[in-house]
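There is one chain below, alone, in structure tokens, taken in the form predicted alone.
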């Protein structure tokens, strides 16, 4: 034996804190993904609108 104490179980408060931290982290990733998707959507709309206004025949 190395003389170390056995691992203790986290208290209810610690477990609740860890669960809240995990939810916050997941929520942040979802928010990032939704913002990136919105930016990509706006970019795509801008490209399509610019292509529609272009004077080349194959864009009409």
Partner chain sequence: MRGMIASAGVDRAGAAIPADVAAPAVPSVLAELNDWITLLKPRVLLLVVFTGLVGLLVAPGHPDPFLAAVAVLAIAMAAGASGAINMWYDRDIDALMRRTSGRPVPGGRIGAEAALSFGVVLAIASVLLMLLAANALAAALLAVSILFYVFVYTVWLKRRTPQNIVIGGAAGAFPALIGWTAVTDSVGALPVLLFAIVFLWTPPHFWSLSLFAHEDYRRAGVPMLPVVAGLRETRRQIFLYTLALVPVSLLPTALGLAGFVYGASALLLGLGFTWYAIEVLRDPEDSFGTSLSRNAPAKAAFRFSIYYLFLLFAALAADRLLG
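Positions refer to the first chain, counted from 1. Not measured: the values here are computed from a predicted model.
Same protein, other form: the form predicted in complex with its partner chain, not shown, and the subject of what follows.
K.L.:
Tell me, yes or no, whether residue 25 is in contact with its partner chain in the predicted complex, where a contact means a heavy atom of each within 4.5 Å.
P.N.:
Because no heavy atom of residue 25 falls inside 4.5 Å of its partner chain in the predicted complex, the answer is no.
K.L.:
May I ask you to check whether residue 48 falls inside a 4.5 Å heavy atom distance of its partner chain in the predicted complex?
P.N.:
Although its partner chain is absent here, residue 48 would touch it in the predicted complex, with heavy atoms inside 4.5 Å.
K.L.:
So, in the predicted complex, is residue 15 in contact with its partner chain at a 4.5 angstroms heavy atom limit?
P.N.:
Yes, residue 15 is a contact residue.
K.L.:
Does any part of residue 41 reach within 4.5 Å of its partner chain in the predicted complex? Heavy atoms only, please.
P.N.:
Output for residue 41 is yes: heavy atoms within 4.5 Å of its partner chain.
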